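Read the single chain below, which is given as structure tokens and is the form predicted alone.
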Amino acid sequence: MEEMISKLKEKYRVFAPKRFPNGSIRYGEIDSLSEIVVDEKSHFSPKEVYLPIVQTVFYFENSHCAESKLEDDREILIFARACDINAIERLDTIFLKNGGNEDFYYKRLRDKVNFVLIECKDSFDSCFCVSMGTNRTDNFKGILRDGKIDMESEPIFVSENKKSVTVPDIDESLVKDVFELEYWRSFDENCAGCGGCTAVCPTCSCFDTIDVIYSETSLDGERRRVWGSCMREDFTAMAGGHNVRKRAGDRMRFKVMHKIYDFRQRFGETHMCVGCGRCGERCPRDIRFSDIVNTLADKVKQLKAEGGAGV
């Protein structure tokens, strides 16, 4: 198998969840199957492989621009679980099917991506992928099983989670009432606004665009796309000091509604959240997305029964 990895690396850059010296499990290039962590959930998703945290768009020198190029022509092979494989399809919708234009910088990496499935025979404590319908996938070239890549067997998918989520049934007539729920105000103090949840989320797609000048006396530099977070207060700050979502509760409402309402309404597909549960594990205030969705479902039921807002 180690010889197989060596041969694979001739064609592919091979990524898998591995343990780093600081103890975190995140995606990195591997040289051996023994590096892959399969008995624990990775703390970070594979998203940064095909949507880098920092991505140079182009370079500029005086009045001339030069587009960035990929440094490695090899394809990309990622060992990933079903939820994370489903997550890339949500990002495909955002970057390739949004507004009729394909994002070139996303597509040139995305077109290289292939998956090997890491099976989930049992659920981790915080997962709710079954509720979100992301516990299964057919988007893989092989299965990691018994220390080798199995190209023939049928995959084993988890069929039950320890957590379950009921996605609220929100129709358009209720959106304003949901928007005005007093429930969101509880996050004004509870949420730290750190953005940690979005950093580990496999479907968050927000980014900032910045220009970097190499020195104070130079006109040379580059334009970069850098991960952003809708949970940070400065994300919607505008010139003149206005901020569309200054309160943490407003930002939480925006994120939650995007994950379980807006995305599906706009694209007519599945919900954006894939139920990996990483956001709750990362939160320093122990805010669980699954709990928020279930609470919101109860409040929507109450809104329908009572026909009013402010619940």
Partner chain sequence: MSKQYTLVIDLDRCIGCLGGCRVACKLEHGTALGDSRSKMYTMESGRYPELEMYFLPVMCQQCENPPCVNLCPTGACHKDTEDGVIKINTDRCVGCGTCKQSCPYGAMNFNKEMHVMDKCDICSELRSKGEKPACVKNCAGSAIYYGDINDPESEVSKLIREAGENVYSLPDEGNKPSGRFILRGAKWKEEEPWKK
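Positions refer to the first chain, counted from 1. Quantities reported herein were computed from a predicted structural model and do not represent experimental measurements.
What follows is about the form predicted in complex with its partner chain, which we do not show.
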item: Contact assignment for its partner chain in the predicted complex, among 211, 73, 122, 182, heavy atom within 4.5 Å; value: 211
item: Among the candidates 245, 282, 41, 264, the residue which, in the predicted complex, approaches its partner chain to within 4.5 Å (heavy atoms); value: 282
item: Contact flag, residue 196 vs its partner chain in the predicted complex, heavy atom cut 4.5 Å; value: yes
item: Its partner chain contact in the predicted complex: residue 215, any heavy atom under 4.5 Å; value: yes
item: Any non-hydrogen atom of residue 48 within 4.5 angstroms of its partner chain in the predicted complex; value: yes
item: Contact test in the predicted complex: residue 226 vs its partner chain, heavy atoms, 4.5 Å; value: yes
item: Interface stretch in the predicted complex with its partner chain - options 30-38, 272-280, 49-57, 252-260, non-hydrogen atom within 4.5 Å; value: 49-57
item: Sequence-ordered list of residues in 16-41 near its partner chain in the predicted complex, where near means a heavy atom within 4.5 Å; value: 20, 21, 22, 26
